[in-house]
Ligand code: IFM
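Listed next as C-alpha cells is one chain, alone, in the form predicted on its own.
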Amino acid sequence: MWKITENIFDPQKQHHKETIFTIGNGYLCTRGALEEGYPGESRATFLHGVFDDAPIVVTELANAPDWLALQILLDGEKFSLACGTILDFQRELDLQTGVLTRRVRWQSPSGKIATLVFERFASLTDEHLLALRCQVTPEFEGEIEFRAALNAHVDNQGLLHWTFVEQGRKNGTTAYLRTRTRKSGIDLALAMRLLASDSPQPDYWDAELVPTLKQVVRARAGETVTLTKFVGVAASRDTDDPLAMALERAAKPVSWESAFEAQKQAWAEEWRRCEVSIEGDEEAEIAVRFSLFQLLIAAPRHDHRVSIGAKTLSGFGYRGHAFWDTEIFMLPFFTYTAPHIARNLLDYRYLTLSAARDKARQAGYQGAWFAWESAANGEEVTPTWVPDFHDRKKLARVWTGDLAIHISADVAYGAYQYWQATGDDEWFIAHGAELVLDAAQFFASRAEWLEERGCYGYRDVIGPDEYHDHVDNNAYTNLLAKWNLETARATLDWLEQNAPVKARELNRTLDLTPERLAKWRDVAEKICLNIHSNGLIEQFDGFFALKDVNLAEYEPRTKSMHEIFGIEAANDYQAIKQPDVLMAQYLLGDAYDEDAIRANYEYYNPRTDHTYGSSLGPAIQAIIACRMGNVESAYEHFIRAARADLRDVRGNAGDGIHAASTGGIWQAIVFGFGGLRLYPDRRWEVHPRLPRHWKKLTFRFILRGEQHTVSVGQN
C-alpha cells in the first residue's frame, strides 16, 4: 500500500484534500491545490525559513508565489472543474516517489471532450527544482492553449507579504520572477522553463507579478499533447544571487523522464532507511507510510537554521511555528532513521539559545527558556490573544508563551536522546551538552522552595494539558525538570572525563559554580511530586479536587471539551486535553513498573478528550496500553491517530498536517506494538505485542550508525 487515492472530486472537502496531497522535498512544500485553480481554494507553497511579520501571530511563513499556475483552453474554452462535466476523475499521491497525479476526463460546456493528466513533484535530488507535466488527449479537432505562469498574487488568508522586484524572459522558453517579503526583506526568485511537444517558441505576457508563457498547439483527436514545466526556486537565505540559482536549476533537467528517474532513486534511498510494513492491516500500513512521507517532505536536509512546524509546511495552521512537538514527537523518528536530519533540527535549537536566554532573563531567571512557539530566530512568537470560542467579538488570553516552561526540558531531552542513540560525541560536545546544561540552569533558577511542603515546586505553569492553566506543580513539568537537572549533572561529569577543555569552557560561560551545582542537586532531590501510595500521580496540585466529568455524557459531539466548557471554565473540570502523567511515564520509561503505569492509565484515560482534544495524545496512549498488555485498547488509540489526517476526524486537517501525530504514529509502531527497548550500552531487544489481525510487522532503525531490521509475527 503506497498510494493515497481519491476517485470523486468533492469541492466541500477540497481543503482537506489539499493538505493530504501535499508534496515537498524538505526545502519547500506545496499543497495539493489544482493547477488551474478552483473557487475557495487554500492554495499555498511554503519554504523553510521564509518568515515575514504578521499582526497578532507576530510572524508567519509567507505563502510563496504560485509555481503551479497553468491554464488550459480547449478550443477557446477554459478547463475548470467548476464548470462543464467531469466524466471521470482520479487523483493519487505515490508515496514511493513523491509524485502527485491527477487524471480527468472532462467535457466542456459546448461539448468538447478531453482527457487531462497532471503530474507534479518537488525534486528530492535538487531541492531547488520543481516539475509539472500536463498531457492532454483531445477527442476533437482544434486548438489547445497552455498558459503557464508564476503568480505572485498570493496571500496568507488575506495578508499580503510580497513586493515586486523584477520579472522577465530568458532564452525564449524561460520566464522569471523576483519578489521580496515586505518586512523581513527576504528575496525569492522563481524561473520556469517550458518544454512542449511539436510546438513553436511560446509567447511571453509581461503582466506584472504574473509573468506568463503561452503555448498553442494543434489538437488532433486521439493524439496526446504534452507540456512540461520545470521551475527553479531560490531565496536570499540560500545564495547572494537567488535569480541566477533559480534560472540555473530550471535549465538543468534534460527531460521529464530523466528528472523523474532521479526522483525515484532518491525516494528509494529514503525508504530503505525507514520503511514500515504491516501485513494484515492495509489501513494501518498506508497510514504509517503516509505519516512518514509527510515528515520526510518537511525535513530540512541541507539547512540547520530551521525546524519543522506543528503543521509541517502543509498549511496555514500555526503559521509555520515550531513547538515541543518537534523534539518529543517528530525528532525520535529522525534520530533512529535519519540522524543527519535530527542533527539539523537540534542545531536549530542551539542557534536559538541566545533568544532562549533572553526570554529567561527578561522573566527574571537564569539559563535558557525556549519559546513555546518559535520561528526564524527563536524569539517567543506565541499570540497573546485569540478570539473567544463562545463570543468571537471577545478575545481570550493565550498563556502558553508565558507559562509553558516544560519546553526547555523537552529540548534537552531531544538532544540527549539523539546523543545516546547516535553516539555523536562531536556534536554533543560542541552543542548538545550546552542545551542540556542551560535548560537545567533555567529549572534550578525557576524552582521555588515551598516551605509548607518542604519541597521545590514550579507554580503558575501550564503543562502539556492546555485545558488547565495557572496550575502549580504540573506532574509532567516537575518530572521532566527533575530528569533535566539529574542529566545535566551526569553530562557535566562526562564532559570532565571526555572533553575537559569544553567542560571548563561551559563552567566558565554558564557560571557553573559549586554552589550552583549543589542547588541543581538539591532541587532534583527535593522536587514536589504528588505520588499516592498506589502509584497514582496527581496531574497538578488540586487536580483530584476538581469536578469529575463523564465524557460519554457529552456524546455525540463535534467540539472539544475546551470549546464546550469555555477556556476559563475548563479549569474547573477533570477533563484533560492530553494525559501529562502518561506522557512523562513514557519518556522516563524504566522509572515506572507496570502497576504504576496501569494505575495512571486507568485513571486518566477515561478523562482524556481523545477525539477533539490534542492530536498528540492518542499515539502515546497506544504505547502505554501496549506496555500494559492491553493491545485492543492500544489499537483503538493508534487507529484514532492514524485517521486524524487521512479521514479528517477532527475536522481541521485543512489547516495542515498534524505533524506531532505523524511522529507519534511511528513511535507507537516501533516502541509500542514492536516493543523496541534500547539500552545505553548499545543493547536492544523487542517485546512485541501485535494486534490479532496483524500477521507481521517489519520496521527499521539505526543505532550507533548501524541499521537494524526487525520483523515480528504472531508467533
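These figures come from a predicted structure and were not determined experimentally. Heads up: residue numbers just count along the shown sequence, starting at 1.
Although it is not shown, the form predicted together with the named molecule is what the next lines describe.
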Could you tell me if residue 598 has a non-hydrogen atom within 4.5 Å of the named molecule in the predicted complex?
no
If we define contact as a non-hydrogen atom of the residue within 4.5 angstroms of the partner, is residue 578 a contact of the named molecule in the predicted complex?
yes
Does residue 325 reach the named molecule in the predicted complex, with heavy atoms at most 4.5 Å apart?
yes
Test of understanding: in the predicted complex, would residue 356 fall inside 4.5 Å of the named molecule by heavy atoms?
no
Would 79, 145 and 212 all count as contacting the named molecule in the predicted complex, using a 4.5 Å heavy atom cut-off?
no
Among 523, 435, 616, 122, which has at least one heavy atom within 4.5 Å of the named molecule in the predicted complex?
616
Taking the named molecule in the predicted complex as the reference, which of 347, 126, 94, 466 has a non-hydrogen atom within 4.5 Å?
466
So if I measure heavy atom distances to the named molecule in the predicted complex, which of the stretches 189-197, 411-419, 608-616, 499-507 falls within 4.5 Å?
608-616
Of 295-315, which residues get within 4.5 Å of the named molecule in the predicted complex if you count heavy atoms?
310
